[in-house]
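Given as structure tokens, the chain that follows is alone and in the form predicted alone.
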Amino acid sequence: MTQTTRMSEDLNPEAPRALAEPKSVTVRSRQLKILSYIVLSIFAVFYIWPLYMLINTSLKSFTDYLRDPAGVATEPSLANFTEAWELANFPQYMTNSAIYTASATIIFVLTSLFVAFPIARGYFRGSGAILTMYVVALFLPPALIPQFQLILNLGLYNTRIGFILLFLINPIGMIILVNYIKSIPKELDESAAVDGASYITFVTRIIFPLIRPAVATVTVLHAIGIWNELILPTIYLTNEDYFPITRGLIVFEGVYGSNWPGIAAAVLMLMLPILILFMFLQRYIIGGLTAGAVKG
């Protein structure tokens, strides 16, 4: 041990312990990392297992399913997908679902964008109260009876337009847009006003590109909600020509039981369009989450 080291130890007796601390911190961080991987693996099993059972069931025949519902498909077959495509009238019902989902999502996102901006900026009296109402609406049950009476009195029962109108309000989507717009500097509003930009021009050309990740998140959440909806089409649609694809899955239910392999195949085909939409927008969604984490 050199003289310099001895002098440093005499001046600071805690120096050897301080040098040993980084190693213990590294060991502790590794233990926490391993523990986090174990917890994530457990959650992954809970999420992946139902998907595995769905795929496995869709590859079984109805006889094999009755023989061993939880067993592995010994003779996998794609016959259930063909049968589901024909019985559930997939071409027509999926077209209806695409029309409802696309039109309602586009209208909701556009209108919410123009409404969320003044609420976020507080440009009119009562904007805070309106945002509070949206938050309260998250915890309230759906008002099915007043909603049904409204659609019925407007003469829109059992119509495409009436069904689309049911999805033009989404509190969580509005809250996401408002909170994201609040993170944008207010000086941009003043600069746009000095340049003479109109309200529509400012929102579409300046605000929209800046909140694109939030718009992508709201779009996916809203589209998933419409695409997977089953209760509302059962209540508001009686004409089979207007049924969405979720309503078409009822054909697999029988008097004494359900065709679960056919339902599993239909559900897999049902989730494919939304999965494709998420794959196209995941870059913006992940970017929005990352930006939110940095700003936080």
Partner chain sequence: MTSKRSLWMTLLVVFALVVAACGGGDDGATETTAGGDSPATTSGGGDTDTGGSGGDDVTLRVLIHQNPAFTEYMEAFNADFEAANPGVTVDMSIVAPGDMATSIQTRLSANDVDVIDYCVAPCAGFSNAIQPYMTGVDKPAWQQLIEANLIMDLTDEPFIQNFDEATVRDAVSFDGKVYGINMGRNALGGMFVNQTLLADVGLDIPATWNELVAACETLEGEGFACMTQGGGDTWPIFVGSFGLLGAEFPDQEALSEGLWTGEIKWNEGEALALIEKFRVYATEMLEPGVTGLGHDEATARYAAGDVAFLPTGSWQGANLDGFEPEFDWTYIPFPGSDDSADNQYLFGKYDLSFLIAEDTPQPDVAKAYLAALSDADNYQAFVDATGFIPTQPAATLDSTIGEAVSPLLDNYRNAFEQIWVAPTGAGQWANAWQGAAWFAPFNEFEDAQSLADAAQADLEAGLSG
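Here, rigid core means the biggest group of C-alpha atoms that superpose within 1.5 Å across both forms. Positions refer to the first chain, counted from 1. Computed from a predicted structure; not experimentally measured.
As for the form predicted in complex with the partner chain, it is not shown, yet the points below apply to it.
None of 74, 201, 183, 77 but one reaches within 4.5 angstroms of the partner chain in the model of the complex through a heavy atom, and that residue is 201. Taking non-hydrogen atoms only, residue 219 never approaches the partner chain to within 4.5 angstroms in the model of the complex. Put simply, residue 61 is far from the partner chain in the model of the complex: not one heavy atom of it is within 4.5 Å.
Interface membership of residue 95, defined by any non-hydrogen atom within 4.5 Å of the partner chain in the model of the complex, is confirmed. None of the heavy atoms of residue 212 is located within 4.5 Å of the partner chain in the model of the complex. In the model of the complex, the partner chain lies within 4.5 angstroms of at least one heavy atom of each of the following residues of 43-67: 62, 65, 66, in sequence order. Once the rigid core is used as the reference frame, the Cα position of residue 63 differs between this form and the one not shown by 2 Å or more.
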